[in-house]
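We begin with a single chain expressed as structure tokens, specifically the form predicted on its own.
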């Protein structure tokens, strides 16, 4: 059983990560959802997390609003991918309105308080957005933050080019200074970047499986992903969009889906065309510390079968 805090910026693929985590209670106990600004501004990421919980009528998992901007730079958002709401649908029908409210406590305080109340190596931090909240927590109280068992994150790229600039993946680009802090924290990191997420394509067949997976949420989930597919199919010329964020949760449930390789990864924070790049020492050409376990491949059919099977539990 993995006890997790899910730090995210919903976002379509974040929404699927939430659903996958909450449909897997034997493997995952989600202690809380923390949100930061990223795909859309903080007010919308917070509302979107609540709307996903509303979709499955979950009033139990608490949601905490976190940092409204990156540590240093101006906020960059991705409405061009996720729509103005951050969770636009193909049909234009919105997700249900929230049935609960965000907690009053700040996300960073919740992260540190939760870590302080648990034993070392008991809590896994899963991050599917910019790393602003985690870096802020680490800066405020490094000793408590380092009680985390590990950090499972979606972000970065090794071989793959970027998806927001030629060099940078979106989550890292939004707050590379936060990423640099976390990647240098000496906490064990598992990175699911574009090298593996670009293998997880939402093809029409897989979209159909998701639509039929659950009478209660299958059609709505497919409607969300239909919108999500529309931008990336044009961008990449592929037969669907890559489904990024749920890779983190899928690995916690079935690690055999993915192949990992440990290597040195550094974050480029100097201004210029490589700003936000994850510099991965793929071939071990330096003697730098191997600080990150990088996902290098994944079994895409097993990945989507897992999502469809778990969504069916909401029927």
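A quick note: this is a predicted structure, and the numbers were derived from the prediction, not measured. Positions refer to the first chain, counted from 1.
Although not depicted, the form predicted in complex with a small molecule is the subject of the following passage.
* To do: Report the residue, out of 110, 183, 170, 145, that has at least one non-hydrogen atom within 4.5 angstroms of the small molecule in the predicted complex.
  => It is 170 that has a heavy atom within 4.5 Å of the partner.
* Using heavy atoms only and a 4.5 Å cut-off, determine which of 248, 48, 278, 39 is in contact with the small molecule in the predicted complex. => Contact check passes for 39.
* Asked: Does at least one non-hydrogen atom of residue 124 fall within 4.5 angstroms of the small molecule in the predicted complex?
  -> It does not: once the small molecule is placed as it appears in the predicted complex, residue 124 has no heavy atom within 4.5 Å of it.
* To do: Mark residue 191 yes when one of its heavy atoms lies within 4.5 Å of a heavy atom of the small molecule in the predicted complex, and no otherwise.
  => Contact check for residue 191: no, nothing within 4.5 Å of the small molecule in the predicted complex.
* Asked: Taking heavy atoms and a 4.5 Å cut-off, does residue 163 contact the small molecule in the predicted complex?
  -> The answer is yes: residue 163 has a heavy atom within 4.5 Å of the small molecule.
* Asked: Quick one: is residue 132 in contact with the small molecule in the predicted complex, heavy atoms, 4.5 Å cut-off?
  -> Output for residue 132 is no: heavy atoms all beyond 4.5 Å of the small molecule.
* To do: Report the stretch among 20-28, 7-15, 300-308, 287-295 that approaches the small molecule in the predicted complex to within 4.5 Å, counting heavy atoms only.
  => Only one stretch passes the 4.5 Å heavy-atom test: 7-15.
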